[in-house]
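Below, in structure tokens: the form predicted on its own, a single chain.
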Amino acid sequence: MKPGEAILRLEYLSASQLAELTPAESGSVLGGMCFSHQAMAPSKLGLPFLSVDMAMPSSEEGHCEVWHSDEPLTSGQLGAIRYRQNETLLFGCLSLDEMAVNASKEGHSPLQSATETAYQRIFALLEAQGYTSLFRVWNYFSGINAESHHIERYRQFNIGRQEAFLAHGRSVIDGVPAACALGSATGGLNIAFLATRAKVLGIENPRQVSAYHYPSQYGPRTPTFARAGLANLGGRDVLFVSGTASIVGHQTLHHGDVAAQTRECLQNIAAVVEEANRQATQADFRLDQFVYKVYVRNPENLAQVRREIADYFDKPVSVVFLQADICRADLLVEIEASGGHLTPLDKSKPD
């Protein structure tokens, strides 16, 4: 890498800004996600972008989360998966119509079958391309708290995801990725993922039971993700904090109180970051240098969530707000974070 270049860099653009990128400007783009009502990611660039239908706060234009890498990139497609890759990273995305995926096993719901199919395809791609670690996964599908086939849809998703891990001989405890699962406004199963050839260390939260050790009251299969994933990319420690909610131990706290839930989310993220710094002593992650994505269930709570975050940091931080359903019906807010990668401001700083 040349001075000033980055293995991984993040920026947020509006949908129109992304659409206006020239081929030269998009040369470093790994891929990303566009969030808006009736989302449509720009196709003219030929890049792997996931379109997620989410209502935006007030009259804001859709956000596009754009991941860059300054290592030389090539594009590819394997079935429904579109991807970009270099020597260190692979970013991919796919969207599946639940009803178009055949339920190959008796008793499987369409969402369970679609999830298992999607993850089996992801693992097949990574194995073929030689990426050993699934670093970060973003999952979006509609009706996440709805019940069908006698079980909540989020629990159907967890069954399908774990089945795919097991089918590919992957542990459902060690080496699982950082992840989130949110309810979109409409659409089928939408997944974006980042993989790497670097070693990824799973980070757990001392305040919480690991999701993969949840008791059976949360479903027949445990959620297959780590609270965070840590990897060294090109000499920089990068941390992805999974979608984080107002959960201590394994129980939801502060029912109906969005302000208290927001504060609990932030305390949980702080605990995860502290644990990452403990395990990677050279990392020195700082909460005010992270990029945050905040999912708010009810639009009327948005202003209060904004205030709680502003009060917590007492200084400007990078935050994007989206409206989405959370994986438990009693959760009102979820926050994810990432740090250690560059932003456009970082890139402008002298070495």
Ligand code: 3EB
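Treat the numbers as computed from the prediction; the structure is a model and nothing was measured. We number the residues from 1 along the sequence you see.
The form predicted together with ligand 3EB is left out here; the points below concern that form.
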Quick one: R263, K293 and I309 and ligand 3EB in the model of the complex, is every residue within 4.5 Å by at least one heavy atom? no
Candidate from C327, A337, L18, L332 lying within 4.5 Å of ligand 3EB in the model of the complex - any heavy atom: C327
Of the options Q85, N139, S184, Q156, which one has a non-hydrogen atom that comes within 4.5 Å of ligand 3EB in the model of the complex? N139
Whether Y214 contacts ligand 3EB in the model of the complex should be assessed with a 4.5 Å heavy atom distance threshold; does it? yes
Please check if G92 has a heavy atom lying within 4.5 Å of any heavy atom of ligand 3EB in the model of the complex. no
Taking the shortest heavy atom distance, is F225 within 4.5 Å of ligand 3EB in the model of the complex? yes
Partner contact for T115 in the model of the complex: ligand 3EB, 4.5 angstroms, heavy atom: no
Among 167-175, 184-192, 124-132, 238-246, the stretch whose residues bring a heavy atom within 4.5 Å of ligand 3EB in the model of the complex is 238-246
Counting only non-hydrogen atoms and a 4.5 Å cut-off, give the residues of 175-190 close to ligand 3EB in the model of the complex. A179, C180, A181
